[in-house]
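Single chain ahead, by itself, as structure tokens, in the form predicted alone.
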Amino acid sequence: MEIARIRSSVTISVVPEAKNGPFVFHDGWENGCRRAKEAGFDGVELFAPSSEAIRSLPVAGVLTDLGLSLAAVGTGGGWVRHQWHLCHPDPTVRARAVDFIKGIIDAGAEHGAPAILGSMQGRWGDGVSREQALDFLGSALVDLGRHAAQCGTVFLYEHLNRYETNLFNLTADAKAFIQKTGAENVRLLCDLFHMNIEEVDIAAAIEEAGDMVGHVHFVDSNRHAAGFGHTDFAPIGAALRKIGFHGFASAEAFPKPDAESAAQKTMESFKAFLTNG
């Protein structure tokens, strides 16, 4: 029987407005996939502006030709392009946000990939109380988790740092909230950059989250590639193996000093700390 292993992934952005964002490859879908394969990654994580944009790309053909998997698809294009989010005071905007995310879920599921809720979760304020915002978010997670299940995938909720949202910043709080809402088929995306800001002990937080961990953003303390900052990855890798994590560890990092260096350093760190050994 094959031993489950953590798989490696790297981010590709095809959103022009996100050209300065923390994505390793920004030079098109096909080029990004080729460079990912050359660097030794198992899969790619796609950040696209819409579900229509995903479907306009030769996703299946390129992945098949290169032997890559689609690790996940981001929904942040709805925020970058439209400023839509799930806690907006206008119910019309909230509905647009849900529809947009469902479209991304559908498009990713066609290739077996889960969708990520990050920036589109929003925040409370601007006329929306914390209680209202949590009600909006909880209802959306129930709905979106159910929709993802119907598509044959899970739905990933990414708890961000305090500078990006005032909803949930700690892994334990995010896990407890999901369980409280009764949302099924929702897993946590543990982003090591955010966790470095918020957690006392990243490895302990991952262990506590257990099988709720569905995806990892494998990145260093400065949002550069793993190995270009000061994060101690050894206990993190041990924690992921302890909980039996066998999803993707994806490089959502700035392409610094350049994309090739970021990809290479990520793979070096992945092999050093996240392989089963």
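Note that residue numbering follows the sequence shown and begins at 1. Only a predicted model underlies this, so the values are computations on that prediction, with no experimental measurement involved.
What comes next is about the form predicted in complex with L-Erythrulose, which does not appear here.
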Margin query: Quick check for you: of 198-206, 135-143, 158-166, 90-98, which stretch puts a non-hydrogen atom within 4.5 Å of L-Erythrulose in the predicted complex?
Written below: 158-166
Next item on the list: Verify the contact flag for R35: yes if a non-hydrogen atom of it lies within 4.5 Å of a non-hydrogen atom of L-Erythrulose in the predicted complex, no if not.
Entry: no
Checklist line | Any non-hydrogen atom of T181 within 4.5 angstroms of L-Erythrulose in the predicted complex | finding: no
Next item on the list: Find out whether any non-hydrogen atom of R223 is located within 4.5 angstroms of L-Erythrulose in the predicted complex, and reply yes or no.
Entry: yes
Next item on the list: Please check if S119 has a heavy atom lying within 4.5 Å of any heavy atom of L-Erythrulose in the predicted complex.
Entry: yes
Next item on the list: Taking only heavy atoms into account, state which residues of 185-209 are within 4.5 Å of L-Erythrulose in the predicted complex, ordered by sequence.
Entry: D191, H194
